[in-house]
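Given next are two forms of a protein chain, the same chain in both, each as structure tokens and marked structure 1 or structure 2.
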Structure 1
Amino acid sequence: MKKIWEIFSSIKTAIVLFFLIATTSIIGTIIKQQPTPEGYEKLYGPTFTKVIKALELYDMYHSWWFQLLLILFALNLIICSIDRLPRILRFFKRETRIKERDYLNSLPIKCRHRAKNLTPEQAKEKVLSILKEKGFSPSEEEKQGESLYLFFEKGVINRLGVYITHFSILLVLIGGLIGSIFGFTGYITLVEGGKSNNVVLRGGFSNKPLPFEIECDKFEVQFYKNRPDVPKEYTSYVKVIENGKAVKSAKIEVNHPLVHRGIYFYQSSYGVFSSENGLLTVKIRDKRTGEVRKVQLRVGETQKVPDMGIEVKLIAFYPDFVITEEGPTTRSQELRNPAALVEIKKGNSTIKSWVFAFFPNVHEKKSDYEVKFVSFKPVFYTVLQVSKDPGVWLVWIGCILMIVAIMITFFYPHRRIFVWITPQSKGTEIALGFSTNRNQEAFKRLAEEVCEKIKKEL
């Protein structure tokens, strides 16, 4: 047990553990934490994918060995703190503040002055007045025979700064462990009108069912006017279903998540599930009369426009139009180059017109009708990032506490001033000793100012 205690109370152990945590964190940054198993095989090959799966590198920060490193580092911090605590606590004891005059020789900054016409009491009042101007009040005052002893102190809490820092790191580690063990991060994919409670965890190697269902009522996406292929914002309108009843409705946007039972649902991405059942809106203008009407159509559907005396039918729609040897087709289901084939029938006359979203001036010139693309709403699917981290508040508290601790450690040094006032045959001698644990040069300048002022006063 003594050997184990020595290992965990060593600074070397802390450095080694910190190095391992930092190195593995870099690995977790390099190796993508979200691809599917197929994605890993494509990126790294089947052999390395097996290594990734065995070591849980696909979700490294939740792996058992990374959690073990955090536990060992936390244990090291606790034992280091306990091992060094007695030395720190002595600064808070009264007996450690009372020093004999010989202690002056061990101090790094000191000065002596003699007052010929002052008694020890008068000299004491001079010293108290000067140090009060510098913001020091006596913490101890004692008579040592015929001599007087004064002790001044500021920033003693600085001695606890390291321990507050250690405690804040422990809070962050404990919060991280709680989140790692009891929390999760994954994704849920919903088609418009569909619902699910199945969360695919990071890496895609496992799933987690939720105690409720999420239903997507509607999905909306808006594009930039000058870049119709670039989304400006996208929104999911969802409901939370528990025991077959809707208990909550929400509008999920980027940076505006839904929170339910401590689980966060963030808008992550989206895609086109199907264009076959999508709704196309076109604008038809009669070139002879100037009349304009908007018509909404689905593939294979016919709409009558009584004002114009025509029937409009959507024969085909291509989300990503391209012409191949076989004829017109689509390269993908994404709206990258939307095009539609529209049929306009008036009496016995039938006209077919191509409509292009990004090339609005392409149409049948011989036709009496101009057809323009307005919009197309396919059936979308939305991808929500699902996250639960019950330890996040401990992490936040630890971070705030760490900032406070660092400020205390570096900006509020522990400063001590020892004063011995001794009567002598030719007057009174005043000896001052100064000690600080940080920023000694700045304190040395302050000490020189105090000594010089006492010299002038005496």
Structure 2
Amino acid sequence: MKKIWEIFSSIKTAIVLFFLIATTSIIGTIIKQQPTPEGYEKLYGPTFTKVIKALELYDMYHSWWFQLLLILFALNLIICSIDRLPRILRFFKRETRIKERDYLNSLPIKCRHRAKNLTPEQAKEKVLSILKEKGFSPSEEEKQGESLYLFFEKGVINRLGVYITHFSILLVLIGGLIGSIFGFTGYITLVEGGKSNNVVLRGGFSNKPLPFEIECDKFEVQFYKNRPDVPKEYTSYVKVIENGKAVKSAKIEVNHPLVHRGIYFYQSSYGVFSSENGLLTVKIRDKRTGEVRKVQLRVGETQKVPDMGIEVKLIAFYPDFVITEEGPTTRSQELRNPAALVEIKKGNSTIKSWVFAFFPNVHEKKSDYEVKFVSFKPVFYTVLQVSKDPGVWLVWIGCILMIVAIMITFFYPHRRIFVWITPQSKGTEIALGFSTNRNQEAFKRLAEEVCEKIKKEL
């Protein structure tokens, strides 16, 4: 037991573990990671695939041996901290702050000065004011025989910095563990106008029904006006429905998830559900008057344009128009060559016009109206990533604590000043000792300044 304790409390073990975690982590950045070892034989051959399967290298960060490494790392952190903490806690006890005059000899930075014309009381006041300028005020004062002992310190918290850092790493690991046990990640697919509570969990093998439903009213892709090839925003307009009632409306965008009952909904991907039932926008120009009107249509729908005195009907829409022996049809559901057949009715006369998105100059010459394609919005489906991670707040607390503690450890050293003021036959002797655990040079410079000032002013 003692042996095990010794191994885990050793820094050597810590450094070995750092290197083991770091070097083995490389494997997962080279071998493709996925939940199952399917398809590896083609990539790596049968022998190596056996190794991959045995060591779970296809999902190495969740493999037994990598998890074991992380557990050993956590144990090492805990045991190192427990092992060393008592030695550190003494800095918070009074005994450690009180030192005899002999202690001065053991300090690396020190100075002595005899003030000929000052009483110990006067000397004390001077020392207090000089050290106060440097931001030190006394936390201990004691009579030691003839001498007066004063103790100043700053940044004693630094002694705990390392342990707070270790503790914060444990918080992050525990947060991660809680997330992986009690959390889940999956996807929900919603067609515009549809609703669902069915989350397909990652890996695709199981479903998880949510205690409420999500309804998608609308999905939108926006592109930059001056760069129509670059998406600006993907937006799902959704409602949360509980017991048949809409309790919340929200806009989900990339980087702006919806949170409901601790469950996060992220904009993940989208696609075209149906091109034929989408919304077509066309511009109609009266060739005689030059008047232009915008009309929005769905297949089979008729719209009246009262001020032109016409009715417009969308007879058919082809997202990827092509003519075959059987007449016009579509090759795919993608908007590769959108075309629409529009019927315009004025009084008793009707005339049909073909409208092509990519051929704006093609239109029915005989008609009094010129019809031009403006846009077509198909019926989209949106895929939302659904995640619940009850450990995430612990991870954030751990992260913030880690950064604060690292800064304290590196940049806020524990600085101590020991002062003995001793009356002498003529005047008073002032002895100062300085000690710090980090950045000796900087404290030495401060000590020199203080000592010089004392020599000058006392």
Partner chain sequence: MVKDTVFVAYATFTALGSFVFYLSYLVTKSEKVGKIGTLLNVATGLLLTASMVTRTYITIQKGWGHAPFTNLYESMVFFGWSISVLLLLFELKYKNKTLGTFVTPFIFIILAYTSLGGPGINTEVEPLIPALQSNWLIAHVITAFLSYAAFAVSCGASIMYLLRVNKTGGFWDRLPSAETLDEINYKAVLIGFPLLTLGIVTGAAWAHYAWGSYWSWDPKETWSLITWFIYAAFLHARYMRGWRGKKAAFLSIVGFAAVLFTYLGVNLIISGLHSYA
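Take the two forms, superpose them, and find the largest set of C-alpha atoms that agree within 1.5 Å; that set is the rigid core. Owing to the predicted nature of the structure, the values given are computational and were not obtained by experimental measurement. By convention here, residues take numbers in order along the sequence of structure 1, the first being 1.
Of the two forms shown, the one predicted in complex with its partner chain is structure 2, not structure 1.
Relative to the superposed core, A123 undergoes a C-alpha shift smaller than 2 Å between the two structures. For Y103, a C-alpha deviation below 2 angstroms is recorded between the two structures after rigid-core alignment.
Fitting the two forms on the rigid core leaves the C-alpha of E253 displaced by at least 2 angstroms between the two structures. Aligning the rigid core leaves the CA of P390 displaced by 4.9 Å between the two structures.
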